[in-house]
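There is one chain below, alone, in structure tokens, taken in the form predicted on its own.
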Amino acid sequence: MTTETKSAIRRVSPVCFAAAPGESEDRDGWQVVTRYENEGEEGPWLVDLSHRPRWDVQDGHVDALRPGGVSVPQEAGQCRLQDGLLINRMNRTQAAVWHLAGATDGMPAEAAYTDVGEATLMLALFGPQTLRICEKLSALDLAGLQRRPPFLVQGPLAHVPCQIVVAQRNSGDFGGGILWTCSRGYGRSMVHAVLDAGREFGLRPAGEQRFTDWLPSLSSD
């Protein structure tokens, strides 16, 4: 495939917000909204990150792999965040790699890696009252689990099977932040359910820049 052909490919996010974009840009075939009008300054916010690269890694020796130069966590449920690269250990032979900072030199050539960016969506929910909103969306006790963020929970959110990473937990205002992925076919219903659950707390869509500003505050391994 030539460079000219690649530039002509248009990628469409499965997530659509009923909000007016304030600023946007074309990036690798994606139309990325960096800021929405009327985002507010207090949060909580919901951000579409479906354009960020995501890989599934499956190998009998997954522990020995180093995606992006970062080692895979040893136990299921553990996560490692380094330089904007998040690696989530799912089970004995599988891990997920999320490029939260967006940058990547391309997927490794090994057969263990599969690009799942086109098959899934990714959302971030963060700010005040985040975990209260999660209580309305899932029976998973994301606030009560005695584990240090970031950590992975696999289970339902809005009745949809998801990979959920509790990225930050602030007990004072019951805020914090989560990131999650699921099949892209749930995009419309997922956004509707989350925004509806967060309406009483002032939840609103936000652009990528809001997430970029929040990312440095997350704990790193």
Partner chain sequence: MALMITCPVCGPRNGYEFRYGGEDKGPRPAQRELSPGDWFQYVHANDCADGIQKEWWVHRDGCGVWFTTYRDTTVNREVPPPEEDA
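Residue numbers count along the first chain shown, from 1. None of the values given here were measured: they were computed from a predicted structure.
Beyond what is shown, the protein has a form predicted in complex with its partner chain; the following relates to that form.
- For the chain shown alone, L140 is a contact residue for its partner chain in the predicted bound form, at least one non-hydrogen atom being within 4.5 angstroms.
- Interface residue remark: L49 is not counted as part of the site for its partner chain in the predicted bound form, having no heavy atom within 4.5 Å.
- When contacts are judged by a 4.5 Å heavy atom cut-off, V153 counts as touching its partner chain in the predicted bound form.
- Mapping the unseen interface onto this chain, Q74 falls outside it, with no heavy atom inside 4.5 Å of its partner chain in the predicted bound form.
- In sequence order, A76, M90, N91 are the residues of 71 to 95 having a heavy atom within 4.5 Å of its partner chain in the predicted bound form; the partner itself is omitted from this view.
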